[in-house]
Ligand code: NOJ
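Quick setup: one chain, the form predicted alone, written in structure tokens, and binding and motion questions come after.
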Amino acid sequence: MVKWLKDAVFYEIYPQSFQDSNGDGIGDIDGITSHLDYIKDLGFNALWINPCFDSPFKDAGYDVRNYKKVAARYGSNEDLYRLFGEAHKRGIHVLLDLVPGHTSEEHPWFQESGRQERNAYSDRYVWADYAWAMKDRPYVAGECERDGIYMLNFFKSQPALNYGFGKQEEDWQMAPDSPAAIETREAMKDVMRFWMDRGCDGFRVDMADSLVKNDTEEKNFTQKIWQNVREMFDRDYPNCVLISEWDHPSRSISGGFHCDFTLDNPGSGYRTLFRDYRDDPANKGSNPAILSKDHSFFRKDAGGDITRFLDKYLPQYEAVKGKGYISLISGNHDTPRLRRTLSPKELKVAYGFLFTMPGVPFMYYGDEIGMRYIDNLPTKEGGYSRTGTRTPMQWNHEKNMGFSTAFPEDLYLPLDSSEDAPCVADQIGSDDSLLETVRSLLRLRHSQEDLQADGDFAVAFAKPDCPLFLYQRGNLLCGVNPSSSAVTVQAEDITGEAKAQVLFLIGEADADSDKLTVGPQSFVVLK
């Protein structure tokens, strides 16, 4: 296991929305570099930067046109190399976002693949040679000179790269060990080597489980691809990491990834913590004030149940313990911001949990100040309902809240127009602020080895009908109570060794040898 992951805490940056350094209304690489001290001072020591490669931006950069070139709107390759260097000077590792399952339809590989005459790229994508061959799969016909149709991996603009089919049911379906599928894998490894040779510390991999079609239920053929990639990492780049967007740690870690995201997917345990309203179709896109069916655990008095999370989390945790890490996230560019339904006070308790659980945590830019999800924004670059969580970072009370000197109408997305829109300037140095709470929690995590990625974890107290959740991290006992009432539990009802000395506290708590009381909307660490 890569050593630096043990104490890593990631900060995710959506580059077009973080900081505009040249006044064109769009964030850029130099804007990120200018705020590295802010990131480090908060306690984050790793970055995940969403796609910054050349793209027509029909899916906000997840439609790559050139894997080895920084998009002009973000700057140049040299700007990104400088970011790597400046981050490393500050002890910050940098991951880029890799999109291996598809490219843009404007990628030169696809332009060549779509030609009628055979060439080196004819089999780089998934093609069938007659019009209705993909009747059960998304496909496009009639847009290339080639006599055939091609498969999509997501949007219409994203043709699927060919990694083969686990089960071949048609003549046009190639095996995962076919020369063409292997060439695709090797081409993607070449992309990874290009950036790691220039200072990148690894990749967060988009849709990591989507490579081989007709795969087994366990995704065995896709796992083999990533195992091959991991061999390259271990041999040639032993300090670089792979983190998957998979949401199935036992499969992804077995496949060679160092970490796997627990995602906001329907029916997931993670969703029950923060966004339980999203499984109610009637509430999709509704105003937070009327999300009456929200039973998220961290929403005060919402009737949440921590065991719904644990029932999903614990089997996966046990399956990968000692082999890799699960990454819990505050959110990302695909999820509604937590502030949509949680108050700053609720967020403090939620962040206490997030930064003291095992694995490698991630925080989305702006979540440290409680930036809001902006409802009903017109879709931008394929964002759809996700657009409201991708708005510009709010730094101060200067023009455009410090994000850009451009005219407001030229901004990538509009800012939060609320009079009380949170910003860094209002919270930095204020002990009771959400930002300073995040700083304190990260200082705690870095100072206590038991709270880091590989520290022991065990449930100490969790019941469906009780809002209190207690968990052991090595020799420490952590407790969260998101409800509006204090909860007392007797020492004999707590699994493991009782603790009485308060090491860290948000809210109120009282402990002795006989019982523990955790106050309303409180988080505590005892030793």
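Residue indices: 1-based, along the sequence shown. Everything numeric here is computed off the predicted structure, so don't read it as measured data.
Not on display, but discussed next: the form predicted together with 1-deoxynojirimycin (NOJ).
Contact with 1-deoxynojirimycin (NOJ) in the predicted bound form, defined as a heavy atom within 4.5 Å, is made by none of 270, 300 and 339.
Look at 396-404, 372-380, 107-115, 150-158: in the predicted bound form, residues with non-hydrogen atoms within 4.5 angstroms of 1-deoxynojirimycin (NOJ) sit in 150-158.
When 1-deoxynojirimycin (NOJ) is considered in the predicted bound form, only one residue from 333, 439, 345, 213 comes within 4.5 Å through any heavy atom, namely 333. Here is the short version: of 123, 294, 416, 245, the single residue with a heavy atom within 4.5 Å of 1-deoxynojirimycin (NOJ) in the predicted bound form is 245. The shortest heavy atom separation between residue 185 and 1-deoxynojirimycin (NOJ) in the predicted bound form exceeds 4.5 Å. At a distance threshold of 4.5 angstroms between non-hydrogen atoms, residue 386 is in contact with 1-deoxynojirimycin (NOJ) in the predicted bound form. When contacts are judged by a 4.5 Å heavy atom cut-off, residue 207 counts as touching 1-deoxynojirimycin (NOJ) in the predicted bound form.
Contact annotation: residue 471 falls outside 4.5 Å of 1-deoxynojirimycin (NOJ) in the predicted bound form, judged by heavy atom distances. Residues from 57-72 that approach 1-deoxynojirimycin (NOJ) in the predicted bound form with a non-hydrogen atom closer than or equal to 4.5 Å are 59, 62, in the order they occur in the chain.
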